[in-house]
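Alright, two takes on the same chain below, each alone as structure tokens: structure 1 and structure 2.
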Structure 1
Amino acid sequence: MIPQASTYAASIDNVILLIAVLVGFWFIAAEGMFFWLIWRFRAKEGVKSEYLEGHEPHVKKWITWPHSLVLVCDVFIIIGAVQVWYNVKQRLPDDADATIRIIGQQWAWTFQHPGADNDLDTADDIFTVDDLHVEVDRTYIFQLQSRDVLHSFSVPVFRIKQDAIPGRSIMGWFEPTQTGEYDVQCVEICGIGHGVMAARIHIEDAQQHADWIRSASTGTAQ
């Protein structure tokens, strides 16, 4: 029930909701049938028990028909999940506004922001530890790296989770949709200090972000 603060957060939540509704329906239906059968065919005085091998047509239909309907539900889940997965994980926006670099290490996050020129790996880049600053309604591509072991970059309000793998630079993206300060987590057990490897993401409006870049570039950022 945490806020949705990225353009694709609602899509991810909708896939989870779809799975929960369909699985919940079949769970209730299966349990209802199970207890009805227990009651319907309970031991009765004067009624002999009947042995069923399972291949009788009037018995098999209680398996084949629900099975077929479950497969139809699976198709809807797969279609919805693949569409969201492709949008979030398989493509990068062509019109991204900025690129940032995210580096995990035991046990902190280092963030490399572009400076006033909005280009990464230039002289005015801004480096912070455990504080990521972005502007609302702008699209960011991130380069995720690890200096030591497996970490996992997670921003719950974005519904994003991406493993950081040593020796690789993994690309991803997000677009914040509301201002505020939110949690950044490492959700891959990465050693004794894993539990304290927390950071904050600051989603600012255009003026706030410009002021932060200016103050960070002059060494007066708070």
Structure 2
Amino acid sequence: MIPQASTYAASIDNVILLIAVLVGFWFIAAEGMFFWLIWRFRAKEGVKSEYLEGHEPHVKKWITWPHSLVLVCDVFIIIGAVQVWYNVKQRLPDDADATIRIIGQQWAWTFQHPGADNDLDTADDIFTVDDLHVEVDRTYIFQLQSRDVLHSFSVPVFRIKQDAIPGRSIMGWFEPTQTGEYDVQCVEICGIGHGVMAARIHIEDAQQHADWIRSASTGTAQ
């Protein structure tokens, strides 16, 4: 797996692991049974097949029991998935440190950073194209918008993904946990240039981030 660089990346990975264990068990059990039956009941000279309706209680239990167990596994998966979903998508942190705006268009990302005063939609906002700068261990709320068609903002190391829809503003949040430079992708097909709609996210420590804000504000960035 690729690195986990946000606070909730591990929880999403854990749901994936939970599902992998549960369905892996069923998968191995079913395939094992399947191939064993094929081998065990291969055609033999003089042996006639058994006549079973499948509705007799003593054989039907071989269907009803696994079937109830599948339901139980489903309940666990639902609980795990909904918990993570609630945390990542449904709630927004009350004490977010900053708000950024992400605007998709054919075929580039525009990032509106709050700038030095840490307020969005003020004169010192920093606009960048295809480069998102965030500070590690700070909570960000993003507003996702699109100018033309559907795009989708995806940061694989954060495990976050959200479509941008023209006309709408969709909110989400993330909190980076390690510094570095990672891929940002558009994952909703958006026309000919979909494949080049790449961006980079720069996760910086406090000092680097302050430096970047300073340099970007004076117009020497990029």
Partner chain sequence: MAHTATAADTHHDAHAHEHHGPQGILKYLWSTDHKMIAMQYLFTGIAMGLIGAYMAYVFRMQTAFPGVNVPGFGQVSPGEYNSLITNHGTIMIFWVAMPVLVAAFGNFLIPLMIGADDMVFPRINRLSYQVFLLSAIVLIVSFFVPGGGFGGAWTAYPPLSAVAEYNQTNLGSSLWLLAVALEFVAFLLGGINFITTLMNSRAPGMRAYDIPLVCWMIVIASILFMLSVGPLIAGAVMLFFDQTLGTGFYDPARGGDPVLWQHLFWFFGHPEVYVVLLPAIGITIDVIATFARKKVFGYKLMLYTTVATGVLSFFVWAHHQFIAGIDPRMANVFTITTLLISVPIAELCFVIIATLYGGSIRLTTPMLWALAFMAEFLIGGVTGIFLGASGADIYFHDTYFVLAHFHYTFFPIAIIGTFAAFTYWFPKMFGRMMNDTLGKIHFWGTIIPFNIIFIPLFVLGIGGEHRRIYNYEHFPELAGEGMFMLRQIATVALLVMLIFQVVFFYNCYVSWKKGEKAGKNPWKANTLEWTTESPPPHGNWPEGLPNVYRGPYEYGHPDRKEDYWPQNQPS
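Remember, predicted model here, so these are calculated numbers, not experimental data. Numbering for residues begins at 1 and runs along the sequence of structure 1. Each form is matched to the other, and the largest set of C-alpha atoms that superpose within 1.5 Å is called the rigid core.
Matching the description of the form predicted alone is structure 1; structure 2 comes from elsewhere. Residue displacement note: I189 has its CA displaced by under 2 Å between the two structures (rigid core superposed). Here L37 counts as shifted, since its C-alpha moves by at least 2 Å between the two structures after the core is aligned.
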